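Only one chain is given next, in structure tokens, and it is the form predicted on its own.
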Amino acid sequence: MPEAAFTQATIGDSEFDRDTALTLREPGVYDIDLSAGWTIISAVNGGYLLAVLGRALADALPHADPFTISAHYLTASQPGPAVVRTSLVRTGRTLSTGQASLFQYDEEGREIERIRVLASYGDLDSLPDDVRTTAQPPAIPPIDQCFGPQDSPAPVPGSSAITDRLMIKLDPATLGWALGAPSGKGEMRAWFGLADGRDADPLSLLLAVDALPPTAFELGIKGWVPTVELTVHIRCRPAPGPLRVSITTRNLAGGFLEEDAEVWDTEGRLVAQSRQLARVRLG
């Protein structure tokens, strides 16, 4: 994809920002209409939901940047009206902690909790520059040598409306599942961005860790892989340009698997990490 594709929309003025925007009803309570544009099959993507709650907490807490956020997905969210309720747990000089839940209503008007998060927020720009790490960015071929959903001759498992809003170019080495020959390694690597060219920020990193096809596909498993729990660590504010995302699974047992994700920016910095537990529909 040409570099110009990453310089169109701006942070604060993009489809992602509009679709995660909330309306303050009263202190700590927000209304939102969950967009159908971020669905996987018929359910709203978990990373998009995490960004919605992350934006609510950024408004409700004294600090603006998510440092760590842990979410439990209780029931599948659907496009349409939702309510987010936040509360302050503790505030300090460098970190503040809060919790938030997203609710929707069933056909009988009963309130259903969809997702609950606990998060600590701070100021990423105040962090020291000292880095001591053994982590290395994933080796991914150049973008023009990778492949996205638009390159597939036919729809692939899990394809949905969300793919139109993302720039995903998958490493050919992790595309065996799309060709009917999964590698069995449980790995997924890709270049990632938003389709309208908006650069990444801490909130969109919450989406990035949960936007690639499930690693279960490379284990030879098809179908929906719903998230049970997802914890994300934001390490620094990402530089402009496409991100490199690497996700691995080492253990599928008892119908559950873990996914460990790393997100790297164009300056070769590890900007986000995550681990999630997901349910696998076997058979």
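The numbering used is simple: start at 1 and walk along the sequence shown. Here the structure is a predicted model, which is why all the values come from computation and not from measurement.
What follows is about the form predicted in complex with another copy of the chain, which we do not show.
The closest non-hydrogen atom of V117 lies within 4.5 Å of another copy of the chain in the predicted bound form. In the predicted bound form, none of the heavy atoms of N45 sits within 4.5 Å of a heavy atom of another copy of the chain.
With a 4.5 Å cutoff on heavy atoms, I221 counts as touching another copy of the chain in the predicted bound form. Residue contact check for P128: one or more of its heavy atoms lie within 4.5 Å of another copy of the chain in the predicted bound form. Contact with another copy of the chain in the predicted bound form, judged as any non-hydrogen atom within 4.5 angstroms, is confined among 189-197, 94-102, 140-148, 165-173 to 94-102. Candidate site formed by E113, V228 and E258: every one of these residues places a non-hydrogen atom within 4.5 angstroms of another copy of the chain in the predicted bound form. Contacts between stretch 243-277 and another copy of the chain, counted in the predicted bound form as any heavy atom lying within 4.5 Å, involve T249, R250, N251, L252, A253, G254, G255, F256, L257, E258, D260, E262, L270, Q273, S274, R275, Q276, L277, listed in sequence order.
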